[in-house]
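Considered here are two forms of the same protein chain, supplied as structure tokens in two stand-alone entries, structure 1 and structure 2.
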Structure 1
Amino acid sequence: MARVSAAARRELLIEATIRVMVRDGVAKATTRAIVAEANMPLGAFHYCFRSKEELLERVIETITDHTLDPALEGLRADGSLEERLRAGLGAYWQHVLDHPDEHRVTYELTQYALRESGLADVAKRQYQTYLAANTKVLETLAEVSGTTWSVPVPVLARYVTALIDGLTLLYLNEGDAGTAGAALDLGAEYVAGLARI
């Protein structure tokens, strides 16, 4: 492999980990499988990550960023607060539709972390990452639309996280994209109704 920085190697290993998890499952994402997928020597993993726990946390952050960045772009588009919120949630939802296996990995990762010795904090930090992402969405939406929220942002972030998480899991198991998308729109309408000028 051509000489690349440690940061670039980390990113390559994270993306390789996601591919292995999507293809083979979380439990089979061994260090050896990951470095083989990334076409790197085994020592590259230990050079880039202190532990598998650190890698799993970065995987969660990366998958979250895959949906958060497009969602934030949607929030900055022209339109009313509700239209912007629908655009942001729509960007997230499109990622679910385009990459369902990546989202399945997140649920599998939660259960894996809770069952594996020494990884329980990974599941906790996973949902802290989701809460932070939805807090950023709500704060950005309030900022770009010149509004405030009628309920505390930490409470509303938990509501939005539960809404998104629940609808995503329901869709991944049921397969009814249209009805799940309509339910997400209903959630957006409700959340938009909590904004105050």
Structure 2
Amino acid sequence: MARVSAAARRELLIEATIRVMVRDGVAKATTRAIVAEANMPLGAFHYCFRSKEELLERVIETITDHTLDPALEGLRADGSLEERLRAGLGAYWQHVLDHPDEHRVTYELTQYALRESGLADVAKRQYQTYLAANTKVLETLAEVSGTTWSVPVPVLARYVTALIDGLTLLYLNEGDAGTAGAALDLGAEYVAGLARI
């Protein structure tokens, strides 16, 4: 292991942490489990990170980006406002179906961070990032289709964010992917209908 720099080890530990969390849950991601996953000795942990809290801050930032990327990618499709909105939501939903355990971890991490005094604002920033992304999406969709929203964008952004988040959580906990997906389509149709020329 002498051939890997400390900086590179930090990245390896972040990735190993996410793998452990996805497989076994946030509570099981102890420093011991993490270094074992990364094939490093226990002592390596504390000259790569000052504390476990410092690692978790990086993990939350990394996994939040993972969640957002597929949705923003899907929005690049062509077509009407409604078609593009459906494509974006569809891409996100497919990611949920393909990687349910990774999404479960994002919820666990939010709750975990919110209770740790040093990480409370990291949790808040996570949701502000979701909101900012959906706000940007709504503004862009209106702009390229030459319309405006008949509902204030901050309200609509929270509506969309909450529906996506709530349906994901419902699917993860209850398990009916088809009906939850239909509810997401219903939301896309409704939101698209709120655009005015």
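Just so we're on the same page, rigid core means the largest C-alpha set that superposes within 1.5 Å between forms. Residue indices: 1-based, along structure 1. Because the structure is predicted, anything quoted here is derived from the model rather than measured.
Each structure shows the same chain on its own, and structure 2 is the form predicted in complex with a further copy of the same chain.
After superposition on the rigid core, the Cα atom of Tyr47 is displaced by 2 Å or more between the two structures. A displacement of less than 2 angstroms separates the C-alpha positions of Thr168 between the two structures, with the rigid core held in common. Once the rigid core is used as the reference frame, the Cα position of Leu138 differs between the two structures by less than 2 Å. For Leu56, the Cα deviation between the two structures after core superposition amounts to 4.8 Å.
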